[in-house]
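Here's a solo chain for you in C-alpha cells, the form predicted on its own.
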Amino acid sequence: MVRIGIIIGSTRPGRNGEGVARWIFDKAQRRTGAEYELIDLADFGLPHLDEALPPAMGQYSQEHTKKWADTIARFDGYILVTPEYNHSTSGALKNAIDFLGNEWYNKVAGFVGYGVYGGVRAIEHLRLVFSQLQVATVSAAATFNLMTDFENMSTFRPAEYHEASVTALFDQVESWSEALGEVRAREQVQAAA
C-alpha cells in the first residue's frame, strides 16, 4: 500500500496550518488507495541546518536529523500544507526540506496552501525546490484564502467547493506515488548489482 505523509509546514505558535492539515487528514482517512499519516514539523525541533556534510551524502550526525530522515524515508509521497509568508513558504518548512537528500528522491509531492492569496506563491516556490530534489510535483493543489475560508482569519471553515480540488490532489498524489515506486525499485536493483 502506498504511504503518504501530510506535513504541517508551519511551527509558529497559533498557526492556522494545523487546522488545515487535520481537515485534509480527515478527508484522507476516508480513502482506500493509500495510507496517510500526519507529520508535524513542530514535533522534530529542527534547528537551522546544522549538519557538517551536504544532505546528498546521507551521512547525518545529529539525532534530530536522523529522526527526521527516518520519518521522511518511510513515505512514497507527501502532501505539504504550507502557509504563505512574504510570497514564499515558511522558513521552518524550507529548512526541514533542506536537511535531507536521498529520502526525498523519486517521490511525489502535492500541495495545500493557505494565506491571503491562498498560498499559491508558496506552492510555486516549493515546486522549484522539489525539482532539484528529484521530487515530482502534481498539478492539482488545494488553496485556502484567509478571508473566505477562515473565521476571523484563524478558525478553518473551508467552503464546500474545495472538495473537488482536494479529491483531485489525493488522486494524483496516490497514482504518482505508486508509479514512482517502480522507479525507486529499479534504482535499488541497479544499486545492488
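Numbers follow the displayed sequence, beginning with 1. Please read these numbers as outputs of a predicted model, since none were measured by experiment.
Another form, the form predicted together with a small molecule, is not on view; read the next lines as being about it.
Novice: Looking at 133, 28, 146, 140, which is the one with a non-hydrogen atom within 4.5 Å of the small molecule in the predicted complex?
Specialist: Only one listed residue qualifies here, and that residue is 146.
Novice: Even though the small molecule is not shown here, does residue 12 get within 4.5 Å of it in the predicted complex, heavy atoms only?
Specialist: Close contact exists here: in the predicted complex, residue 12 approaches the small molecule to within 4.5 Å, heavy atoms only.
Novice: Heavy atoms within 4.5 Å of the small molecule in the predicted complex: does residue 74 have any?
Specialist: No - in the predicted complex, heavy atoms of residue 74 and the small molecule never come within 4.5 Å of each other.
Novice: Does any part of residue 103 reach within 4.5 Å of the small molecule in the predicted complex? Heavy atoms only, please.
Specialist: So residue 103 does not count as contacting the small molecule.
Novice: Is residue 16 a contact residue for the small molecule in the predicted complex, using a 4.5 Å heavy atom cut-off?
Specialist: Answer yes; at least one heavy atom of residue 16 falls within 4.5 Å of the small molecule in the predicted complex.
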